[in-house]
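Have a look below at one chain only, the form predicted alone, in structure tokens format.
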Amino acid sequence: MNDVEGHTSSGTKRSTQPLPQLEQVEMKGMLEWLSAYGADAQGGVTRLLYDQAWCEAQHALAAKMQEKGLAPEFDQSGNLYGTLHGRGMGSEVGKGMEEAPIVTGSHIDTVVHGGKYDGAYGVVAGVLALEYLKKNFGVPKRTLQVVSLCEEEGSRFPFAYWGSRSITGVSGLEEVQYLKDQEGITFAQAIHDAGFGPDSSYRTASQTYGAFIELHIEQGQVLERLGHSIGIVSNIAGQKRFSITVSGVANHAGTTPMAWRKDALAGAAEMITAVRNIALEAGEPLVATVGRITADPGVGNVVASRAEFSLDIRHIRQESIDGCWHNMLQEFSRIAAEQQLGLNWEEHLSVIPIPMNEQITSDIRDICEVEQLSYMHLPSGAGHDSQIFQPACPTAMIFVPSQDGISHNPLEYTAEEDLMKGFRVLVQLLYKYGYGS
């Protein structure tokens, strides 16, 4: 089965039985309720790690979890758990996954002026799934949890996946405490002001999962264009992020001949064109993006002395990412030398490609067959907390369609019917692992 192979259910596999009807689940209403925390003037949602909107949303979710029969608990990083305690018996998940809880969820932080569904859908669906299972089937054999991760986007501080990194022990506060946001507030100050951190009364973030299952909007156009209801993520693309700085000499725009200029912005522009050309030559699924550029002194009648631009490279194979970056850096160096410009670069993020767990993805496929849902296997070009969890525990992702592929935007939208199809798959999977023999 290749990465883009689609399937329409034949309904022939019956290892799992369909669950009772789910029409009464308040999915859309709860997503609207959550989006009020951080609603901004642009019609989107802005909830940044440890800011007021984020704090209010996370504490409101804790109250909502308790209202729905789950036991809420924060950790020192600000991750929030809602627990449905089990009877301590085994499950069908597999060898090596007998004791630790099965966890679902996602993140509630957003990009600036983001949408209502990215991350939030996985959290809301997880809360409602555990409520549904408890009401219809009682206490599970194995503990089930939903987690509202404190951060994934890296929108406030230059550090992504803090929630999942702190849980898995990949990163600790000592690594990030001196990072500053745009207002000069340090990470250590922000976590303290929000009531979390090592001085708080909460438990440490470190925890062992039996498995992690993340339900998420696709944030792309593939499912919608190909007419599939469910995306079973095969792997998550790796990525590298850089800041590229080009140095020249500021000079008068009217008196400096073109041939004698050391124009940092002109050099950066040529480098950015090279990024596009090299990525196109590499071919899909490699993508490379320059999303930000600044110039100094930033005056219309002065040749730029300095230009800085961002670079984001992604692919499902590490060797392709490394090869693309090598080719781009060679071309940047050639351009800088030809135009007598300085060149510096700094790497901010390097995440290797991560395959999802084969057993859980196989179980998701079987559930789609039982539920007669059209599905396909596809890679994720976007980064997710699942790529942090997979090395620590069996992990899988389920995608539902995004209208027009729009995400990180107030226009982000997924139809309620599609939200509910993903929810049905999640409920079946949690039932299998939490209540199965």
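No experiment lies behind these values; they were computed from the predicted model shown. One rule holds for the numbers: they count along the sequence shown, beginning at 1.
Same protein, other form: the form predicted in complex with another copy of the chain, not shown, and the subject of what follows.
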item: Contact residue in the model of the complex, from 179, 139, 170, 253 (heavy atom within 4.5 Å of another copy of the chain); value: 253
item: Partner-contacting position among 192, 276, 317, 134 - heavy atom within 4.5 Å of another copy of the chain in the model of the complex; value: 276
item: Interface segment, criterion being heavy atoms within 4.5 Å of another copy of the chain in the model of the complex, picked from 256-264, 101-109, 205-213, 67-75; value: 256-264
item: Residue 44, heavy atom within 4.5 angstroms of another copy of the chain in the model of the complex; value: no
item: Close approach of residue 291 to another copy of the chain in the model of the complex, 4.5 Å, heavy atom; value: yes
item: Contact label in the model of the complex: residue 183 to another copy of the chain, heavy atom within 4.5 Å; value: no
item: Contact flag, residue 310 vs another copy of the chain in the model of the complex, heavy atom cut 4.5 Å; value: yes
